[in-house]
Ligand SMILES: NCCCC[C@H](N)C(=O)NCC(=O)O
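Take a look at this one chain, the form predicted alone, written out in structure tokens.
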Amino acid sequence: MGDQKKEETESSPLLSSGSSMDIELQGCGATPFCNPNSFVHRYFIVLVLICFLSFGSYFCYDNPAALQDTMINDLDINESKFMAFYSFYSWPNVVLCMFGGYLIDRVFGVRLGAIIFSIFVTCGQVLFAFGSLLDSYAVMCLGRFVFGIGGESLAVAQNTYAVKWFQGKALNMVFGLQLSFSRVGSTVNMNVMQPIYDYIDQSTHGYKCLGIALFVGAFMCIFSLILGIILAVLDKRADNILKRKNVASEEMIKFRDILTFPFPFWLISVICVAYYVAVFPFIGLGLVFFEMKFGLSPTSANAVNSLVYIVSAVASPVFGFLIDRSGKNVFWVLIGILVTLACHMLLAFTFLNPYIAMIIMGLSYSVLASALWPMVALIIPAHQLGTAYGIMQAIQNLGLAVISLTAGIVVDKNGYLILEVFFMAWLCLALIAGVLLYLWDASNGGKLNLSAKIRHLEDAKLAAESEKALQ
């Protein structure tokens, strides 16, 4: 009963309808930095903590990509075994990511859930690094598996936090900024891991050098875990100060409610998996691709390979802000898919400087991510959002698990040109799902593709009706 009450409190809106805005705060609580109602507290403290919650996870996720050549040589493995590190990350999330969202909604709440999943991320990275020190491929795979148990569920918690604090307050921009900070973690990883390895290599060589370098990622995970604890304290404090209203128990998520999720949610999930499998596995194998096709040095290849993350780190909050102002989420999703498809065509069929294609891909990735994920909050009730995001990421990880393994096999047997054609086929599937989403939405009121102005007017109308019903 205590757990249920805790989660009922956490699943309520940050600023519930009623008198929370009128609560007179005293002492520190009355200052902008301490008042949960204030712009400063919400955007300069809570938002920063939310953004850095998954910094360590994203830093470590692409440790293999940053050290592709080095890892293959030191561990004496082929491309298929190398890509298995990504597959082992994704496999547990085919199921556990969905249950992670359910646990956030029904059992742990977002605060405890984020801390537990951060601990899994940290332990998984420690195992991954320790396995390298032992020259044990099996232990490294186990480490990636444990890391995966926490990684995607932590992203679900991060999304739930974002909706809890910012729904109706520039949510597209918040999602974009959240993605931006996560990609800063990936970008830092891509650009510092090889120099760190080279520095350690002066005194320790081979798989032991690799293991020590990978422990750097473990410290990044500990950093994010500490910030997650601080965020949980502030969120609990906001609950107490604002006296958030409980949500009735009948509004709690029930697992069978998944069957009632609307058709657009499943189309969004298809777009998510079909698009992301053409980006992340490509980056995982990109280092050697740029070395072989364009004759780049390992350092230059890593720089090109990290461009998607660098560009998205800057562009995501900008596009999120623009989408908040313009609306038309489905339109922007279609643009993102089409431009990414064009980028893969440039890389596959031309020898145009790869910097151009990767920069444009970073922009299109930012557009799609900023427009796609917030759409779930438009069609799924707040008390089901954790589960919805969990299912969406579970489907995404099923695709990533299978495609990561398949991509490694394709490269070993057929080379990179066929791999690019393979990725383009997935983007075509994403485009078909996007068109279907547009047509369905247009024939059912166009809620997902409304302009920002009309959407705000409708939200204000619903809020007025809700307030009138409460009186």
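Numbers for residues come from their place in the sequence shown, where the first is 1. Because the structure is a prediction, the values reported are computed rather than measured.
Below, we refer to the form predicted in complex with the named molecule, which is not included among the displayed structures.
Remark: all three candidate residues (Y58, Y276 and F280) come within 4.5 Å of the named molecule in the predicted bound form, counting heavy atoms only.
Residue contact with the named molecule in the predicted bound form: T187 places no heavy atom within 4.5 Å of it. The closest non-hydrogen atom of I268 lies beyond 4.5 Å of the named molecule in the predicted bound form.
In the predicted bound form, the named molecule sits within 4.5 Å of a heavy atom of Q396. In the predicted bound form, the named molecule lies within 4.5 Å of some heavy atom of Y89. Here is the short version: of A155, V174, M193, L385, the single residue with a heavy atom within 4.5 Å of the named molecule in the predicted bound form is A155. This chain is displayed alone, yet in the predicted bound form one of F85, Y161, F319, W373 has a heavy atom within 4.5 Å of the named molecule; that residue is W373.
You can rule out all but one of 198 to 206, 130 to 138, 297 to 305, 365 to 373: in the predicted bound form, only 365 to 373 has residues with a heavy atom within 4.5 Å of the named molecule. Counting a residue when any of its non-hydrogen atoms is within 4.5 Å of the named molecule in the predicted bound form, the one hit in 183 to 201 is R183.
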